[in-house]
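First, one chain by itself in structure tokens, the form predicted on its own.
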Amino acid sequence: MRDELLQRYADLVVEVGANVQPGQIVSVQADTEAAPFARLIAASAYRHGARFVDPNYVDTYVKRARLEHAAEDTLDYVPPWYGERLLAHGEHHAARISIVPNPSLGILDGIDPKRAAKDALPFLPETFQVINARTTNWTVVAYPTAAWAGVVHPELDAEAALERLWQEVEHVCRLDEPDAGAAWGQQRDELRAVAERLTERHFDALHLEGPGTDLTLGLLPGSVWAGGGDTNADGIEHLSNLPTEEVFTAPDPQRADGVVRATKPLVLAGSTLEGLTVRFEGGRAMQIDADANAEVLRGHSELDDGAARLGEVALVDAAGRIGKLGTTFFTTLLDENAASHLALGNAYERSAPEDVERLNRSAVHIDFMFGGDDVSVTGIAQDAARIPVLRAGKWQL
């Protein structure tokens, strides 16, 4: 049964997620734990006419060895050919598929968070160049492993935990529908309709309110809301996240004031931050606290000037499949599509094409969740009128 599900999943990733075209080069990035799924994706890509599949594996055990034994002043070193390879995928208009979690969860447990924060691999800063150039059709997908399942469902034995996680991934990816591709077509249309309504409002700012959260963040005059996937420069539609439940835009990096409390844990550089709160003044994160491992996010926020400013605000309603499960997945792909979220760091150029010079720039993009049924989102119009956007997880527009 699992084999049949995996095959359908691989085909969905190739056909709907990345939308691989005949003659394309296809990059597949994965932790070695996800190699079985990467191979199925490669086979599907070739059946769909791929010219060449370029697998790129990360071995979390080797990453752990580096963090345990390498000199600290070498941990941020990235061989130049890593970025060159990614840029070459853009130059050749490749399809890109990333499988998460990567690195695999649990393997980095016990590593000094300060050391772990220095090694961002497999993330590469060149990613933003390729995304903003829109030269690739790309997607990020999830592959359940025993290690990940044990983190998500520690109350179950190993076999039951993995089975539960697979059931959840099958559901949120709509693989339990008679025609998953058609179901994603409907989801794409619904998210795009919400994004259009938000764009048409031309809000000057958003006000977020909830337990531990009271944050006002400004929007740019040319802010454009997006959702339901993207279209690259060659006109190829693709779902950048599979699954996806969000609509998003870029805030004004100079205008964020107040405090926001995360409503889900954040896993960053192998460390888990719970009880995260961030206080902003004049757009900059001035104080970052958490029950544990706050220094990991503090370290990332100091990497460059834009790392302490916001590059994204994304809204998610309570009707989505992921949030309804009530599961914390400890991986951004799923958790950020379960609840509204903010991102410190780089903004996506599609979010404000008229104000591209004002968008936040950074070598990082770190999402953390603030949404929930008890968190309200209010739009502030140009004339200061307050317009409900989300209440109890329901759209008000």
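Computed from a prediction, not measured in an experiment: that's the story for all the values here. Note that residue numbering follows the sequence shown and begins at 1.
The next section is about a form of this same protein that is not shown, the form predicted together with another copy of the chain.
Just one of H238, K264, K118, H89 comes within 4.5 Å of another copy of the chain in the model of the complex, counting any heavy atom, and that one is H89.
Interface residue among G326, P154, P211, P80 relative to another copy of the chain in the model of the complex, by the heavy atom within 4.5 Å criterion: P80. Comment: 69-77 is the region of 248-256, 316-324, 69-77, 196-204 lying near another copy of the chain in the model of the complex, near meaning a non-hydrogen atom within 4.5 Å. Not displayed here, another copy of the chain is approached by R85 to within 4.5 Å at the level of heavy atoms in the model of the complex.
Not displayed here, another copy of the chain is approached by Y46 to within 4.5 Å at the level of heavy atoms in the model of the complex.
The closest heavy atom approach of E33 to another copy of the chain in the model of the complex falls within 4.5 Å.
Although the partner is absent here, A352 is not a contact residue: none of its heavy atoms lies within 4.5 angstroms of another copy of the chain in the model of the complex.
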